[in-house]
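Heads up, the chain below is alone and in the form predicted on its own; it's given as structure tokens.
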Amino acid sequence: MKTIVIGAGVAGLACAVELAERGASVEVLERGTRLGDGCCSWYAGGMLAPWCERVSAPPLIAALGDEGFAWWSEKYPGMVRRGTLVLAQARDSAELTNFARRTERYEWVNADEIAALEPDLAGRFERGLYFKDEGHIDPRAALAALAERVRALGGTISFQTEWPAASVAGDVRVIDCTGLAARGVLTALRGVKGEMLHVQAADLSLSRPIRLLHPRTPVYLVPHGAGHYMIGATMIESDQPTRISARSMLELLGAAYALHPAFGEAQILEIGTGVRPAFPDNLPRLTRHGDALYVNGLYRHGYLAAPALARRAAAFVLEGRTDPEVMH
């Protein structure tokens, strides 16, 4: 069966891999000039943190994310599974209790245990939460690995290519993974802007994602090796991919400095923003409309939920199987 996947973000490439591995002939069409061009997947954190996300997301997100660990382990050998460390400064310790109350699958850790997990943080925090089963990936390396997998399975990826609006002829199936660009059909979609920094802090060697809680703006930091860190957190209700605001820049850098003063000497490598597609309930959906199946609404859970959604999309396209939890 011929399948066309529109969009080469993490959702589109995950769908393409699933389809190709099940024997479908796959063509990926991407309007950008290269992998990641204009794609919110390029600016993601890459955290695989289903139980941390339970703080603000329903059980469905944790279930989809938990399902994806084996998938990422197989498709992307660079996945790291050392857990997530959630911390707060002493004056914000109540935030840790509130966080723990709304989630699961964690253990409390004291100052000595924090130092054992991350020696660079010795003596800086009195207690925290450790989600030992969580993990993370380098989003950009993961996109490249998925694209390589598609090609190795005989699929093609065409850049600077738009899908025509004409109806699909013959035995061809279309999966649309274009995010906000699909808003003409999925009218309930809205944009949620995220902002991020990439920094080089050569004197630090943190090995797992760290979330620093704050009543106003919680911040996460994700290590990518060799002193390279991604810092992010902002969620702004906007569909405009404008540049980062001064307020956000100050908050992200201030949080990194609060985590460890060595970030005050870090070099800023990159500043970026991405607009993530979300439905009103912030849950992803597979939606059949006309000749296409739309995989959309991944919100801030792109890398976390994409594998499970791709499996369900491939099962629907190739076998007609439906999943009422994600199909509307």
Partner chain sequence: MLTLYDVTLGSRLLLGTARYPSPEVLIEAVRASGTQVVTVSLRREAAGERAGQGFWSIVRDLGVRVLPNTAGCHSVKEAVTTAHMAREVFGTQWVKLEVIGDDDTLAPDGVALLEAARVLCAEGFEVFPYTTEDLSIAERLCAAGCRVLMPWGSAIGSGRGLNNLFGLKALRARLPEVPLIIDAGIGAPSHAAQALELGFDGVLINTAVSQAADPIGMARAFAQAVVAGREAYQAGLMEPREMAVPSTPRVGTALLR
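Residue numbers count along the first chain shown, from 1. Everything numeric in this text was worked out from a predicted model, so none of it was measured.
This next part talks about the form predicted together with its partner chain, which is not shown.
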inquiry  = Counting only non-hydrogen atoms and a 4.5 Å threshold, tell me whether 89, 203 and 267 all contact its partner chain in the predicted complex.
reply    = no
query = Of these, 142-150, 115-123, 203-211, 245-253, which stretch puts a heavy atom within 4.5 angstroms of its partner chain in the predicted complex?
reply = 245-253
request  = Considering only heavy atoms, tell me if residue 78 and its partner chain come within 4.5 Å of each other in the predicted complex.
outcome  = no
key: Non-hydrogen atom contact residue 261 with its partner chain in the predicted complex at 4.5 angstroms   = no
request  = Considering only heavy atoms, tell me if residue 154 and its partner chain come within 4.5 Å of each other in the predicted complex.
outcome  = no
inquiry  = At 4.5 Å between heavy atoms, is residue 282 in contact with its partner chain in the predicted complex?
reply    = yes
task = Would you kindly say which of 82, 183, 127, 198 lies with a heavy atom within 4.5 Å of its partner chain in the predicted complex?
result = 183
ask   = Of these, 236, 109, 96, 174, which has a heavy atom no more than 4.5 Å from its partner chain in the predicted complex?
value = 236
Residues within 4.5 Å of its partner chain in the predicted complex, restricted to 23-41 and counted by heavy atom = none
